[in-house]
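In the block that follows, a single chain appears as structure tokens, in the form predicted on its own.
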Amino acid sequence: MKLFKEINSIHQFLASEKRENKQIGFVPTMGALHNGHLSLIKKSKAENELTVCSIFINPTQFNNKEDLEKYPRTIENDIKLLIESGCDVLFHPEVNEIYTENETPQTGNYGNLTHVLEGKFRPGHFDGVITIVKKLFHIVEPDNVYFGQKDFQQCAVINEMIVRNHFKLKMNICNTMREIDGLAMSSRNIRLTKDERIAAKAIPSTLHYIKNNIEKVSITEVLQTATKQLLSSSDLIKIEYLEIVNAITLEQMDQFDIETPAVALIAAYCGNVRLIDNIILTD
């Protein structure tokens, strides 16, 4: 696996690969890799001649400085996992390679996609996401990009950014990888204590309850019951949001309609660790 830390170096290398008409797959990450990330690498390797992974903890998408400082940094193990998975290229730049001094994130009018859910509770988060992903797309110039469904809203925002900026690439959203008990794989899971880890499995159980009952009762009732059940499952759980929205527009739904794409999304604290998850409600 080739490791690059500078934009010019990786750009020149990939340009030479493109001259040989090699198709490039790209998996952007913030490191602390787990099997969810590695499944994206695997899919990229199956569909492309060259697979690139980036590891960059993007400071502009953290509205909470403490959260940025606590984000897991496991680069030595990450490199080991990428080599074992057969990744071809790792781009691992320093912050000053990506951002100029005092550079601020780009903002764009993405409407409801960036104002609700994560956007509501993490002001400025998606400005940082849009800024870094756009930079990485320009650096790597991939043919295919791979993201996990766990970050459902992020995928919607990036998809819109791709359309608006006329990027000639394909967005691939892959199924969320889960632990045996159903908890969505996340880099943040390693911060959970033993008790918090046990409590956290109630989060995916709550989403499955919603999916199993959404056609039986009203949206209001299913959300009320799901909220009550989740909060009563453990004192360690605090819900930030639990909503059922249109899977395309992310607008809240008053009534469930099997013909309308719908998704249930949750953000909850388990102790001091913030976890997100979602489940598609319509096939």
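Note that residue numbering begins at 1 and tracks the sequence as displayed. Keep in mind that this is a model prediction, so the values were computed, not measured.
The same protein also has a form predicted together with ligand AMP, omitted here; what follows describes it.
Worksheet entry | Listed residue that, although ligand AMP is not shown, lies within 4.5 Å of it in the predicted complex (heavy atoms), from 212, 96, 175, 107 | Selected option: 175.
Worksheet item: Where does ligand AMP sit in the predicted complex: which of 235 to 243, 249 to 257, 220 to 228, 30 to 38, heavy atoms within 4.5 Å?
Response: Flagged stretch: 30 to 38.
Discussion item. Since only the chain is shown here, I'm wondering whether residue 185 would be in contact with ligand AMP in the predicted complex (any heavy atom pair within 4.5 Å).
Written reply: Yes, residue 185 is a contact residue.
Worksheet item: Closest heavy atom of residue 167 to ligand AMP in the predicted complex, within 4.5 Å or not?
Response: Contact check for residue 167: no, nothing within 4.5 Å of ligand AMP in the predicted complex.
Discussion item. Please tell me whether any heavy atom belonging to residue 154 falls inside 4.5 Å of a heavy atom of ligand AMP, as the geometry stands in the predicted complex.
Written reply: Residue 154: contacts ligand AMP in the predicted complex.
Worksheet item: According to a 4.5 angstroms non-hydrogen atom cut-off, is residue 122 in contact with ligand AMP in the predicted complex?
Response: No, residue 122 is distant from the partner.
Item to complete: Taking ligand AMP as it sits in the predicted complex, which residues of 214 to 240 have a non-hydrogen atom within 4.5 Å of it? Please list them.
Response: Result: empty, none.
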